[in-house]
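One chain comes next, on its own, written as structure tokens: the form predicted alone.
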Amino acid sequence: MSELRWHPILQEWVITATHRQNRTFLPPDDYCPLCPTKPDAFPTEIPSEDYEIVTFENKFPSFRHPAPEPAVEGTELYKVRPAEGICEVVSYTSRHDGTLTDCTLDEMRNLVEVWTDRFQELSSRDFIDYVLIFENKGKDIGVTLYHPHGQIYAFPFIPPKIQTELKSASEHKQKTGRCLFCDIIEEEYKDKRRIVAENDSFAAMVPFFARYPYEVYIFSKKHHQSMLQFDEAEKADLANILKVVLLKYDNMWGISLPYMMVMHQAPTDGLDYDHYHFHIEFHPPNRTQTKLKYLAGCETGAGSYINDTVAEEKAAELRQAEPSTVENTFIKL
């Protein structure tokens, strides 16, 4: 069953996808569905014997196209609609071991190109209002496959968090005539203590309002709404700063740090979102090397986050972790 159910209290859609209960969960290394299909071996999701980057539709999608009719009949209060959309998997590399951090800078640059291509293709569908590119990394996040990969969800609606960001940005623009996100970047550079890394096109920081101890935002320095506006130099710079942030995360404690990486871009419903601003959010669950930050009663029940740390101190830790820049060299797994 796959359908959307309306939450009348929060005024948002809940995705119901019962078939996902049976999705693959941490299979053995020699039976990974994202590895290439080897000669005379059991076929995987990828029929080729080798590949660089692959995207394909998720076998256990939250959205479907075409979507089945809802299994229940809605009412005026409890609205129901088909879960019309597209879910894709992006396998970063044919290598089973390692993470996105281990990809070379050239591979990272190719991934930026793939993300841009998929964003453009999915956003052109008339039933898609928002394209979300993201990665869940690490068992603590709840990943079901260890092979380095991310996902793309093409939504038939604008997700609640994006709606909140759009509302805040619109109100700020009406009040000041300026972009909210550009003002945040300017404010962070005035203080400088929370800046973690930067290059010509992007700035990475633990923002003043961080909700996770090691939360990092990467902002485009130019006022872009999506990846479609990046030139070649900006694409290369995005690959570079992603590599820097990922290495800092892993080098800080010498462990492969779990995280949620989420790319925020303007909606794709055809309206004008000039007040919005491209950024990537990293939400690692660790509050120390051995302790996790759980979203408990206050966060989940009330929606109010409690950060047990100070953004300035956590930014300093990440800033001191290597590297500060990355040269265009290959890093082997």
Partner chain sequence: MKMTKKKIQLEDGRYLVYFGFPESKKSSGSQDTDAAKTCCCRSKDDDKSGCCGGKE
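Note that the structure is predicted; figures quoted are calculated from it, not measured. Positions refer to the first chain, counted from 1.
The form predicted in complex with its partner chain is left out here; the points below concern that form.
- Residues with any non-hydrogen atom within 4.5 angstroms of its partner chain in the model of the complex fall in just one of 174-182, 250-258, 142-150, 94-102: 94-102.
- In the model of the complex, its partner chain lies within 4.5 Å of some heavy atom of E45.
- Shown alone here, I53 lies within 4.5 Å of its partner chain in the model of the complex, counting heavy atoms only.
- Taking the partner from the other structure, its partner chain in the model of the complex has no heavy atom within 4.5 Å of any heavy atom of D129.
- Of the heavy atoms in E299, none are within 4.5 Å of its partner chain in the model of the complex.
- For the residues V114, A210, I133, V245, the 4.5 Å heavy atom test against its partner chain in the model of the complex is passed only by V114.
- Just one of K59, K38, R287, H283 comes within 4.5 Å of its partner chain in the model of the complex, counting any heavy atom, and that one is K59.
- Residues D200, R319 and E322 are none of them found to lie within 4.5 Å of its partner chain in the model of the complex, as judged by heavy atom distances.
- Shown without its partner, the chain has no residue in segment 170-194 with a non-hydrogen atom within 4.5 angstroms of its partner chain in the model of the complex.
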